[in-house]
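In structure tokens, one chain follows: the form predicted alone.
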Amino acid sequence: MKSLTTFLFMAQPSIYLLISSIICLLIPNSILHISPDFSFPFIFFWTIFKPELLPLSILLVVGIVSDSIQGLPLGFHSVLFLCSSMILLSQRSFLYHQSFPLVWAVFGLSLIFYKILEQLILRSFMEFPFSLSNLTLSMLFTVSLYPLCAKLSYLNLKKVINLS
């Protein structure tokens, strides 16, 4: 039983990403363009604080599963997840011991890069209407969501560390 519990805690980052893909299906199409991005806060947190639980291979697989669930071109989320994770890994040593407000500010800046990359990929694969106001609202909602995702992840991270 302890090994199952340990596995579930170790798999949590992947589970969070899969759940965030499913949440997107529950959002009505009329507000989908302004909804927060539920994946990026978890990718950001786990890449900074416990990257061995969210390796690039898992991001690749979860990205493909997300694309399949949401009906997007295969590889769309994988490219987003992998690019952002690799960039964040390069900043991990700086961010790891910083205060929450600074990490949150860097999250907001990273989100800008993430959303620009998302828009570029979407527009190259399909006709996707661009709206600066929708993009801004989505980013504001996502930045507002980060503290909740970070708190949830931090509580689970403490349990993972205790089990290790």
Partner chain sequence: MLSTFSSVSRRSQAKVRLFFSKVRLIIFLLAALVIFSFNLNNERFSSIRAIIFDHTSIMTKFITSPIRSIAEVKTWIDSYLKIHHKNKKLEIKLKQMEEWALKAHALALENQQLRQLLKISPDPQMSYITAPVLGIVQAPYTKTIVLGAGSKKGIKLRQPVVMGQHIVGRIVEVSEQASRVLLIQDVNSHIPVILEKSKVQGIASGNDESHLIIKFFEMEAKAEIGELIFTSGVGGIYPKGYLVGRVAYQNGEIVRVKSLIRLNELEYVHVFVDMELPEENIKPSRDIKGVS
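These figures come from a predicted structure and were not determined experimentally. Numbering follows the first chain given and starts at 1.
Below: the form predicted together with its partner chain, not depicted.
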Discussion item. Counting only non-hydrogen atoms and a 4.5 Å threshold, tell me whether Ala105, Leu137 and Leu157 all contact its partner chain in the model of the complex.
Written reply: no
Worksheet item: Would Ser68 count as a contact of its partner chain in the model of the complex, using a 4.5 angstroms cut-off between non-hydrogen atoms?
Response: yes
Worksheet item: How about Ser57: is it within 4.5 Å of its partner chain in the model of the complex, going by heavy atoms?
Response: yes
Fill in: His97: touches its partner chain in the model of the complex, heavy atom cutoff 4.5 angstroms
no
Discussion item. Can you work out whether Lys50 and its partner chain are in contact in the model of the complex, taking contact to mean some heavy atom pair no more than 4.5 Å apart?
Written reply: no
